[in-house]
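Only one chain is included here, represented as structure tokens and corresponding to the form predicted on its own.
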Amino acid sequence: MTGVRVAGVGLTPFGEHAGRTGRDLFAEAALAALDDAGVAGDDVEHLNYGNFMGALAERQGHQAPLMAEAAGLRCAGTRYEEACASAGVAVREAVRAVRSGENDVMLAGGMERMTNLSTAEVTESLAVAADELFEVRAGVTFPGAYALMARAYFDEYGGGREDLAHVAAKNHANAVNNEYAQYQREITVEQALDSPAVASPLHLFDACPITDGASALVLVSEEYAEEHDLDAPVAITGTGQGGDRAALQDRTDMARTPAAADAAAEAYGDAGVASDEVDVAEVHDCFTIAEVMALEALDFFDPGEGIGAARRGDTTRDGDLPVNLSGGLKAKGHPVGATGGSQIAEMTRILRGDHPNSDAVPDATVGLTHNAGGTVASAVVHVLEVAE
């Protein structure tokens, strides 16, 4: 198998893009990635594109060929849908295609438009990622579902709202200097605690925002990178995917996310690294409790220890394992179909040294990204390493 290099990355600013179409957003990210890579669009052999709710938000299905056209590509495209893990799966399948020798150059990423809908409409649209028959019909929304998971965690391991508030404050602090972040401002622990309740024990500042945005990556084989003298020092060396029961009531333990644990085990084995070799991580913090559970599923902390990680300073920019230096979904934003690609774009920038927060980890050589769908019924993990 050939190795896979991240030759270029592209992002739109995350936030509200009133009046812009999804294809316009994705074209911006795709063209930026191609320019960053120094790769011509004509060399791209396939587009792997992630999108979750485009048929609801823009009344547009069959998006992949539209996105390829918008990006100026002359190749086929495939849309991947795995809820909030859509772009992560799109990238994973691109990695596998390049490794196999099927393609030398692929564009992978995703896009989501959300702010053109009302909050109620977004909540209803996102809910289709849950079990419609046994959860949605009963009135379950994702804030409510993650609140149930938070309660289960507190009951099993302890912790409380102040621990979650430290996660929110940490990620907002990380977003301040990120030009792509939706919320480039700090909040205090006290502000997080005093924010309005959404679904107890989760409050407003425990939740990620509603976001428009797009992400794109140019992935190439090592042979192509060498032949074309590309500056592509970051490689994707590990990829893994896991799954779980879609409905919370069908799971044996709501305080654990085995899909993420399985994805991580596969990615670590694929890359030949252990969890204690990871220098920096971007994890799927759609709610603050999701970051906590991810840290444990990824084997960074023992069960029950992840809840205090931000409060102790373990995962701050000055900690032993900085987590979500981009600001995470919490502050950078969460355009659901683009998030998995955005995490890898941010990690690539961090490892290359051109991210505004790269100075927090100047010697980092191993990074990890964790992208989840639904209440982590789907999870994708990638290991990135500085290869040269």
Partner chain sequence: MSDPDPDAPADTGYDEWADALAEGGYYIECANGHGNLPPRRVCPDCGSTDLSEEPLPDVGAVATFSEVHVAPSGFGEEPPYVTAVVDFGPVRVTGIVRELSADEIEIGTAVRPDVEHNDATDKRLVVFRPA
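Here the structure is a predicted model, which means the values were calculated and not measured. Numbering follows the first chain given and starts at 1.
Here the subject shifts to the form predicted together with its partner chain, a form of this protein not shown in this document.
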If we test each of T78, S275, S200, Q191 for a heavy atom within 4.5 Å of its partner chain in the predicted complex, the one that passes is S200
Students should find that, of T237, N116, S125, N103, the residue having a non-hydrogen atom no more than 4.5 angstroms from its partner chain in the predicted complex is S125
4.5 Å heavy atom contact with its partner chain in the predicted complex for all of A120, F134 and R251: yes
Assert contact_stretch over 285 to 293, 214 to 222, 144 to 152, 172 to 180 against its partner chain in the predicted complex, heavy atom within 4.5 Å, equals 144 to 152
Would you classify V140 as touching its partner chain in the predicted complex, given a 4.5 Å non-hydrogen atom cut-off?
yes
Open item on the list: in the predicted complex, is there a heavy atom of its partner chain that lies within 4.5 Å of any heavy atom of L56, even though the partner is absent here?
Closed with: yes
Would you check, heavy atoms only and a 4.5 Å threshold, whether R312 touches its partner chain in the predicted complex?
no
Heavy atoms within 4.5 Å of its partner chain in the predicted complex: does R96 have any?
no
